[in-house]
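Read the single chain below, which is given as structure tokens and is the form predicted on its own.
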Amino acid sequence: MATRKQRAPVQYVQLDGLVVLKLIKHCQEEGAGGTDLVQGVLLGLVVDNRLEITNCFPFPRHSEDQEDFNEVQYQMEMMRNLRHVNIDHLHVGWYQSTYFGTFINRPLIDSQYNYQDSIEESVVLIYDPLKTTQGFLSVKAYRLTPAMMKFHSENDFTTENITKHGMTFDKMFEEIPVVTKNSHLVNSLLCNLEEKDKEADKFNFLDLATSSMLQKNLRQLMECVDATTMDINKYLNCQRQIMRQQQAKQQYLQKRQQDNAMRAQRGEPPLPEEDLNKLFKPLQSPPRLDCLLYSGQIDNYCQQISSFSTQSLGKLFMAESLQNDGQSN
């Protein structure tokens, strides 16, 4: 695994074409059309201000019956074998597929925190196979911000701690630019393939059928908004219960003061002191991390919908102008 040293911060990620092809192949073979998540390990090294990812291998799927399977031992054995054949074997992060950009959740936050805590320069690559099938290669690199690392390390996700750190959904992740690099031989091969390509295939990007992608993104957005509403209602109900408990506590204290005053007039000793926490057990507020994650996911959906809408409107305006020119001629 990569050693922790004082390095300049990573400005961009350089991705080998081999890694992209392996990632796509892994999703096609085990991703069940994009609905099942696939994950794997990224290997490479840090050079100056860039993170070079030169190879990867998938996490193996195993059933619940295979209880003796050790994922850590498997990863170490794979990296040892790659080192023997003189391939970059330093662990620099991990990758995960996503379904319509649905990746901002608690498991990803926890996994990336563990990676960055042990490997400072590590990133997570998010690959969207369904968006890629529409002609847009979707590979993005993310890391947790220093503020999110500090906030997560305290493991206190209450409203007070969120306010203390000033944490918002746009301060959780930072996206790092991704650059794909191929060797000169691969570039020469791609140029030859492009020359042999049919002329008709060059206009596939003009396909107007993007409404299905917009509908699915909108449906995912509505489900996320509903989940956010349920989480907010849960928090508001807890706040109401805390307010009722505070009112009951104040009423109990007032009644106790009145009883002690009456006993003092009669010359009787005051009532013994009682622990209020035993009478009124403190209510714990629900953690607010889920609300931050829902907000970040909603923002991601909105960005995707805006991107698809802009492209669709541009294609429709171009198609309309072509149709008008054809009718005038």
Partner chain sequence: MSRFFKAGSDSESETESSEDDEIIQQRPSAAPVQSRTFQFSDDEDDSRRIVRSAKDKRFDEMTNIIQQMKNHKQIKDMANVLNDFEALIKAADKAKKVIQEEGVPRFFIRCLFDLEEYANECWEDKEWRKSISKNNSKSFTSLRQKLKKYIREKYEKEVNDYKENPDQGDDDKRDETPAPQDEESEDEVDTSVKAPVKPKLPAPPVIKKQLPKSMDDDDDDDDDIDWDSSDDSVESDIDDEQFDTGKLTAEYFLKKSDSGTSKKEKKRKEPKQMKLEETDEEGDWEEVKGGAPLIMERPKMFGKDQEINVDAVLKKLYEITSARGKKGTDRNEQIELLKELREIAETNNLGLGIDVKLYFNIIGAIFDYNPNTLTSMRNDVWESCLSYLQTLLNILIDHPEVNVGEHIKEDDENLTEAPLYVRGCFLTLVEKMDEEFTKMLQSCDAHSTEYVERLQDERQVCDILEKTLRYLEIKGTTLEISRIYLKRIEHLYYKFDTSCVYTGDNEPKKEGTSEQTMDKLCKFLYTSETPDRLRTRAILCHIYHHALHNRWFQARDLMLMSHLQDNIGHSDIPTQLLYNRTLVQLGLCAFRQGNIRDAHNALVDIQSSNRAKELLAQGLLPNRQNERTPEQEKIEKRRLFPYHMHINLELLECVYLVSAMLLEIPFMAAHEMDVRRRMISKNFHHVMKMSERQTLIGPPESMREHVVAASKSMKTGDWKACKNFIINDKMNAKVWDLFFQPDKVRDMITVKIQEESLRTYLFTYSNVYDTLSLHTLAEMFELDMSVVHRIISKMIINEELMASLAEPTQTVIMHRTEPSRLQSLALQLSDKFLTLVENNERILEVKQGIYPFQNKRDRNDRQPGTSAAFQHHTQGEGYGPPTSKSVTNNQHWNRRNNKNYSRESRNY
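The shown structure was predicted, so the numbers you read here are calculated from the model rather than taken from an experiment. Residue numbers count along the first chain shown, from 1.
Not on display, but discussed next: the form predicted together with its partner chain.
Only one segment in the set 123 to 131, 93 to 101, 248 to 256, 168 to 176 has any non-hydrogen atom within 4.5 angstroms of its partner chain in the predicted bound form, and it is 168 to 176. Residue 159 is the only one of 118, 159, 111, 81 with a heavy atom lying within 4.5 Å of its partner chain in the predicted bound form. Between the options 137, 218, 76, 189, the residue in contact with its partner chain in the predicted bound form by a heavy atom within 4.5 angstroms is 218.
Put simply, residue 295 is close to its partner chain in the predicted bound form: some heavy atom of it is within 4.5 Å. Under a 4.5 angstroms non-hydrogen atom cutoff, its partner chain in the predicted bound form has residue 313 among its neighbouring residues. Shown alone here, residue 142 lies farther than 4.5 Å from its partner chain in the predicted bound form, counting heavy atoms only. In the predicted bound form, its partner chain sits within 4.5 Å of a heavy atom of residue 291.
Proximity to its partner chain in the predicted bound form holds for none of 45, 50 and 59, with the criterion being a heavy atom within 4.5 Å. The partner is not shown here, but in the predicted bound form the stretch 232 to 263 reaches within 4.5 angstroms of its partner chain through a heavy atom at 232, 233, 235, 236, 239, 240, 243, 247.
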